[in-house]
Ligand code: HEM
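Just one chain is shown here, as structure tokens, and it is the form predicted alone.
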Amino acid sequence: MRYPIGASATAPELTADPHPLLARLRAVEPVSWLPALGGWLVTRHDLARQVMRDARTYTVDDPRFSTAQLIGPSMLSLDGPAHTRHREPFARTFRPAETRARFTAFVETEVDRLVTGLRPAGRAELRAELAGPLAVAVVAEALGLGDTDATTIRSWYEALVAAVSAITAGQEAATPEAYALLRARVEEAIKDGRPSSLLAEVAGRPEGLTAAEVVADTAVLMFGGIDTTEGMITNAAAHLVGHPDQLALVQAEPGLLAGAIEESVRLEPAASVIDRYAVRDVALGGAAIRAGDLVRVSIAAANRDPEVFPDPDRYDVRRGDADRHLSFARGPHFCFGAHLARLETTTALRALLRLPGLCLEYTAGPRGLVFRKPDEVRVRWSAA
């Protein structure tokens, strides 16, 4: 076998703790064929960046693309002019200046409300009680769905995440019933045309997205705006509070918080893999890839490449090059919600750092084949 390490890889191993396996692959088989995934896995930083930037050779526009199987064409599963037509009406709202102006006050108010409610108890489970509710509230506000029950919104995206993860693992998955409920609510928001509704605004722009296309793109925003942002906040809290020496550094020098967040995003990206399909026969990292082959990029592996990040498995809030991570992708599919996700994570962690005696009580390791986060991050502090 030309790729013995890849041949031995299993989906459970990649779901639980993939980093030892990814390190072996990166060192010996940086582009390896994994039967468990039905495709190639790219684990080296330079090769991962190359794949993401070259949409002419490695495309998302393929009927096998997991999200497209569930919701149809969207900004996530299109390339070229069609991708631009779907992406730009949404992306302009999330540029850095617009993000700060539109969302800073809302995020600060929501974080203050959540943390104030938690403070008297002296302990909290941060994923369920802070990260998740914050991510849902911000997405609802951003889309103009603020009057939709948070539990309902959460059920929509959890159903979609489960279906995408099943397809990625090679299992059958039908479009969840929740998508029909999401579609009905989005169509209602478009029809209402409220001034605060991004959905109505997008539907009325010159790009002329249909209602069905707006619904598909809304589902994509829920992946980025809820699940991966919840994961980013949860992972960042677990890393920082779980390393008391690093926590002490940030408490002594608050300016290190931005670096602490980037280091967490590098060490455990909330979305650990992205899929592309080869448009033509191509050589990559010594592998002969055929037209039509699945080429899966491991962001998790690229972010721990020792050629780019010395001592890559160590969490170091002073790491000067942590922002070279690929967690928000590269090329035409760079995550335009990155600025908002950083705003939410920074605001949430800044509020937690104000809690006296903050320390980790318990956390499980992050899990997930595609979307990685701990099931629980329990912390405590002095409530007096």
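Nothing here was measured: the structure is a model prediction, and the numbers come from that model. Residues carry their position along the shown sequence, with the first being 1.
This protein has a second form, the form predicted in complex with the named molecule, left out of what is shown; the following refers to that one.
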(request) Quick one: from G144, G132, P89, G224, grab the residue that has a heavy atom within 4.5 Å of the named molecule in the predicted bound form. (result) G224
(request) Heavy atom within 4.5 Å of the named molecule in the predicted bound form: which of M75, A189, V107, A203 fits that? Just give me the one. (result) M75
(message) Test of understanding: in the predicted bound form, would T228 fall inside 4.5 Å of the named molecule by heavy atoms?
(response) yes
(message) Check R296 for me: does it contact the named molecule in the predicted bound form (non-hydrogen atoms, 4.5 angstroms)?
(response) no
(message) Under a 4.5 Å heavy atom criterion, is R44 part of the interface with the named molecule in the predicted bound form?
(response) no
(request) Answer yes if any heavy atom of E29 is within 4.5 Å of a heavy atom of the named molecule in the predicted bound form; otherwise answer no. (result) no
(message) Partner absent here, but in the predicted bound form, which of 268 to 276, 203 to 211, 173 to 181, 251 to 259 has residues with a heavy atom within 4.5 Å of the named molecule?
(response) 268 to 276
(message) For the stretch 314 to 350, I need every residue with any heavy atom inside 4.5 Å of the named molecule in the predicted bound form, listed N to C.
(response) S327, F328, A329, P332, H333, F334, C335, F336, G337, L340, A341, E344
